[in-house]
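Single chain ahead, written as structure tokens, the form predicted alone.
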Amino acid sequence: MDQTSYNHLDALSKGDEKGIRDIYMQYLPRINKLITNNGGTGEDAKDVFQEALIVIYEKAQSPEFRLTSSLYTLLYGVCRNIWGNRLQRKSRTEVTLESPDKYKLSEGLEQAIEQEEENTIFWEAFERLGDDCRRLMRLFFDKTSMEEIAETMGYGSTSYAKKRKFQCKEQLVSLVRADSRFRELRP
């Protein structure tokens, strides 16, 4: 578990208002995006977020509780479960989760959540690249040959196209690594 997750879990367990405010500031916007992208409103997101924090708080009180992922990964999974259950109830489909481990993340789900978050971080960083780099990298992702990239981009040679692709790729990697969410996923 990374230090930020430990500090946030500790703040949650102790009812530390400053730490809990930090949890809200850092994670609520991402949970808001999850809920609003899946048919909910900002109010729904706040409700689900608060309910998830209560679930995690209650789980953390147990001596057997061990956080094996980042706090965000757990929070995301719990919010996703809560929202999924609400959506099913809205559609009048009965859902029963009797298992005491209903909020425990399976390794596969945890990896899927982390992969989804990594993809979000990547594409947000990609959008911060300059127009030239975004265009070049899209051509590269589409498996366009370096010769075609040089021609399309108006570069004088394929060696310059390769150099430029390397520079753009390095810039993209730097943007991803500078994102605090990425550092949280890959401590």
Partner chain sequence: MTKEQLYDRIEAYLEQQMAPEELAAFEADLQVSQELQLELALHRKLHQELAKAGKARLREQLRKASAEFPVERPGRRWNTGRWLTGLAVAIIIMGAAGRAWWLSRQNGPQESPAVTPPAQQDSLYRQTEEPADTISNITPPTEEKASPEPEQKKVADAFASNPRLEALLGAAPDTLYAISADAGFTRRPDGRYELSIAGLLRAVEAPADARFVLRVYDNTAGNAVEEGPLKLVKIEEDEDIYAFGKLQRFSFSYTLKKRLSPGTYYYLAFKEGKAAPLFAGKAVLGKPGGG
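We call the rigid core whatever largest set of C-alpha positions still superposes within 1.5 Å between the two forms. Owing to the predicted nature of the structure, the values given are computational and were not obtained by experimental measurement. Residue numbers count along the first chain shown, from 1.
Just so you know, the form predicted in complex with its partner chain exists too; it's not on screen, but the next bit is about it.
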Exercise. Sort through 59, 135, 162, 128 and report the residue having a heavy atom within 4.5 Å of its partner chain in the predicted complex.
Key: 162
Quiz item: With the cut-off set at 4.5 Å between non-hydrogen atoms, does residue 123 touch its partner chain in the predicted complex?
Solution: yes
Exercise. Find out whether any non-hydrogen atom of residue 66 is located within 4.5 angstroms of its partner chain in the predicted complex, and reply yes or no.
Key: no
Quiz item: Just to confirm, residue 26 within 4.5 Å of its partner chain in the predicted complex by heavy atoms?
Solution: yes
Exercise. Please check if residue 157 has a heavy atom lying within 4.5 Å of any heavy atom of its partner chain in the predicted complex.
Key: no
Quiz item: If we check its partner chain in the predicted complex, which of the residues in 138 to 154 reach within 4.5 angstroms of it by a non-hydrogen atom?
Solution: 138, 140, 141, 142, 143
Quiz item: Aligning on the rigid core, do we see the C-alpha of residue 170 shift 2 angstroms or more between this form and the one not shown?
Solution: yes
Quiz item: After the core is matched up, is the C-alpha of residue 145 off by 2 Å or more between this form and the one not shown?
Solution: yes
Quiz item: Is the C-alpha displacement of residue 38 equal to or greater than 2 Å between this form and the one not shown once the rigid core has been superposed?
Solution: no
Quiz item: Out of closer and farther, which fits the Cα atoms of residue 122 and residue 84 in the predicted complex compared with this form, where the change is 3 Å or more?
Solution: closer
Quiz item: Versus the form shown, are the CA atoms of residue 26 and residue 127 closer or farther apart in the predicted complex, given a shift of 3 angstroms or more?
Solution: farther
